[in-house]
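Encoded as structure tokens, the following chain is the form predicted on its own, with no partner shown.
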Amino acid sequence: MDRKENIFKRIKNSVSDGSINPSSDRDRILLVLKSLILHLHPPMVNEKTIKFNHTFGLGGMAVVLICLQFITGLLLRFTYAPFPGSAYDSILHLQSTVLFGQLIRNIHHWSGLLLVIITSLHLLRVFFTSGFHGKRQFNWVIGVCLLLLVVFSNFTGYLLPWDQLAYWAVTVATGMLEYIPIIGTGLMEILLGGKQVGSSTLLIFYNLHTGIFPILIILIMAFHFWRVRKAGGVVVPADKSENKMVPAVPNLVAKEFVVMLVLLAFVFLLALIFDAPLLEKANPAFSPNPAKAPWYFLGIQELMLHFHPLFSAIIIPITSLIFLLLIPYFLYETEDNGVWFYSGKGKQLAIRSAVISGAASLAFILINEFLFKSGKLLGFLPDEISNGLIPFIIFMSGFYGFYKFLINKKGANKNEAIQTLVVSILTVFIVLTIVGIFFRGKGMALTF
């Protein structure tokens, strides 16, 4: 409350001393803009936190992309028809007849793809600068929820062009739900509005993509911003130098404005050079070979080639998500570090972990592909056990053993050990995703 009173007091003083003349249209606009900025940012910010290499402006870029998605999405609604008989034709009409229609669709497509990447990088930035301790614990959970909403919003929009790529990608991705015991088939039918992707699915996805998810994103994003302000802004690097405070306007706002312009220029350039993909109209009777899930689910689809689907599509992702949500609530020796990779040792361990995990992942894929094609290591046991439970226990034990090794043998503290463990898991997922995107051909066979 005191901070708000100080803000309004400064504005009042600016009016009274003549520096802002409320009778001038220009100054009235500046007064409104300044008031809006001071609602989004504190009047004074720590000089360390506005360095570009501390945050890379990822949070602001995510906001810009969300706004871009909303604007272009509203424009696309004027021509799009969410019905299988006309959805694909409405996209063709948009691209060939509507003024700047192709450009608007391209901007919407590329900004949506970049939003998933930027939001993920923003979450990683918070993690690798230890911005999840203390008062920021719950805001980490909110950030993870926002990332999930962004992914699911992108996924529901994936189907709307109603071409072969969209239809079969959604068919493959939603088919993973069937492996949930007891309730899986029911959940899939609720999401699809039937037993397979059809007209009900398109209408459900359209309403989720254009109505439900945007509202949730706006509300949770606003709550996220409020929590950031309440926690004192971006985490301050913990060093011995003096904490110098500088005005948010223009020091922070000017940098954010430049980052916004660069990002918009990049998105528009992508939209001008590369058209959003559109294959032939969806044909439920003809499946492309290979049929792949959307790119952000391809790591899971690749994992399904090596483990039983119950574990690869359900148990492993859910376990990883729970671990991600619980990261702030482990007991750490120190909190609120604010330095990239926590320490020099933390950085070294992270790099080594990424190299070893990447090499081990590639070796595992090659060995499983060419030596154990069936994926069954113990053929006399049920597949759920031989190709699911046993490998899952082995890998979980391996990660726990790796964690204890970091603590006991490498002298890492809990911050450094958990960070190294996350790097290892993240590297495995990235390798699986890259292999799924670029090195899986017909019949999902490994190709080079």
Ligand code: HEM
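Position 1 is the first residue in the sequence shown; the rest follow in order. As the structure is a computational prediction, the values presented were derived from the model and not from experiment.
A second form of this protein, the form predicted together with the named molecule, is not displayed here; the remarks below concern that form.
- Note that among 308-316, 186-194, 208-216, 344-352, the stretch whose heavy atoms approach the named molecule to within 4.5 Å in the predicted bound form is 208-216.
- For the candidate set Tyr332, Tyr179, Phe128, Phe225, a heavy atom within 4.5 Å of the named molecule in the predicted bound form is found for exactly one residue, namely Phe225.
- Here is the short version: of Ile365, Val172, Leu76, Ala282, the single residue with a heavy atom within 4.5 Å of the named molecule in the predicted bound form is Leu76.
- In the predicted bound form, the named molecule lies within 4.5 Å of some heavy atom of Thr55.
- Interface residue remark: Ala293 is not counted as part of the site for the named molecule in the predicted bound form, having no heavy atom within 4.5 Å.
- Though the partner is left out of this view, Ile66 does reach within 4.5 Å of the named molecule in the predicted bound form, counting heavy atoms only.
- Mapping the unseen interface onto this chain, Pro42 falls outside it, with no heavy atom inside 4.5 Å of the named molecule in the predicted bound form.
- Candidate site formed by Phe399, Gln419 and Val423: none of these residues places a non-hydrogen atom within 4.5 angstroms of the named molecule in the predicted bound form.
- Within 4.5 angstroms of the named molecule in the predicted bound form, the stretch 103-127 places a non-hydrogen atom from each of Arg105, His108, His109, Gly112, Leu115, Thr119, His122, Leu123, Arg125, Val126, taken in sequence order.
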